[in-house]
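Consider the single chain below, provided in structure tokens and representing the form predicted on its own.
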């Protein structure tokens, strides 16, 4: 029988993990921005305090309202995106037998949460009743539909060695050999898809500057704060699952399992968050073509090779 925490403890554990993860994402983003700009390399105090300053500014900023918006949908979208991040994070184990929830279908739960992100982003763009947010919503629809299949194939390949859809079993099966070595194509595809799901950096197409902010064009104050927090939480959930599914999770010498899990998650966060400052934003048309013509075939090769190694 799989293990589950009590509801109160589960909510508390996920909330604390998300708060820490969001803060770490903000610190990494601030540090990468300063390094990329060549300023403030030694100003550690400012890097650590900047996220708190940003929260304080947005929390006290006046909210913006458009003509005849769908106010409930506008308010619901960040909550839905954050809830999906929390759902995905809940099935990621931090150590042997240590997970908020360890269902036998943990892989399916995480994949479903990722698929529903499209609904949250579309709702966020459609609700303000404004042109640029609506274009951003449709743009994310094209982006999400293109990356779902590569994502599922890359994730499914990690379940083959474990012969299980439980995330705990997938990590356990990497005791002798991590999936990043067994399936070298899997992690790069997963990271690309993860950046796309979180519409971050080079794949921040629905909220791109060419759309004056896209789905966030009409956001200000607490509306923008909630959306940015939810997006950072989704990035953290994706990095955590990547550490568990591809980098061996808690496996590693000397340090305790949770410490290894934290270090591996931090490494993936640095790669994903840093892409915002190191890689130019791509256009939606070549990205869609690349997903269908390049990444899906590569993901199929990855899963075929993984299956052949098990024979």
Partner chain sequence: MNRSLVVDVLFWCFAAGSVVTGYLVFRTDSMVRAAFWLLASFVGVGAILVLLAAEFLGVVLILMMAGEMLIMAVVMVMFMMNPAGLNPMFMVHQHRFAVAAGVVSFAGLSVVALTADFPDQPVDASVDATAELGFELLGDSMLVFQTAGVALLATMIGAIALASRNGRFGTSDEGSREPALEIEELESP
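Just so we're clear, the structure is a prediction, and the values are computed from it rather than from any experiment. Residue numbers count along the first chain shown, from 1.
Below, we refer to the form predicted in complex with its partner chain, which is not included among the displayed structures.
- The closest non-hydrogen atom of residue 145 lies within 4.5 Å of its partner chain in the model of the complex.
- For residue 63, no non-hydrogen atom is located within 4.5 Å of its partner chain in the model of the complex, even though that partner is not displayed.
- A residue is said to contact a partner when one of its heavy atoms sits within 4.5 Å of a partner heavy atom; residue 9 fails this definition for its partner chain in the model of the complex, lying far away.
- In the model of the complex, none of the heavy atoms of residue 43 sits within 4.5 Å of a heavy atom of its partner chain.
- Put simply, of 90, 94, 229, 165 only one has a heavy atom within 4.5 Å of its partner chain in the model of the complex, and it is 165.
- For the options 83, 202, 213, 103, the residue carrying a heavy atom within 4.5 angstroms of its partner chain in the model of the complex is 103.
- Residues 111, 123 and 127 are all found to lie within 4.5 Å of its partner chain in the model of the complex, as judged by heavy atom distances.
- Residues placing heavy atoms within 4.5 Å of its partner chain in the model of the complex fall in a single listed stretch, namely 113-121, out of 113-121, 190-198, 219-227, 175-183.
- Residues are counted as partner-facing when one of their heavy atoms sits within 4.5 Å of its partner chain in the model of the complex; in 176-192 not one qualifies.
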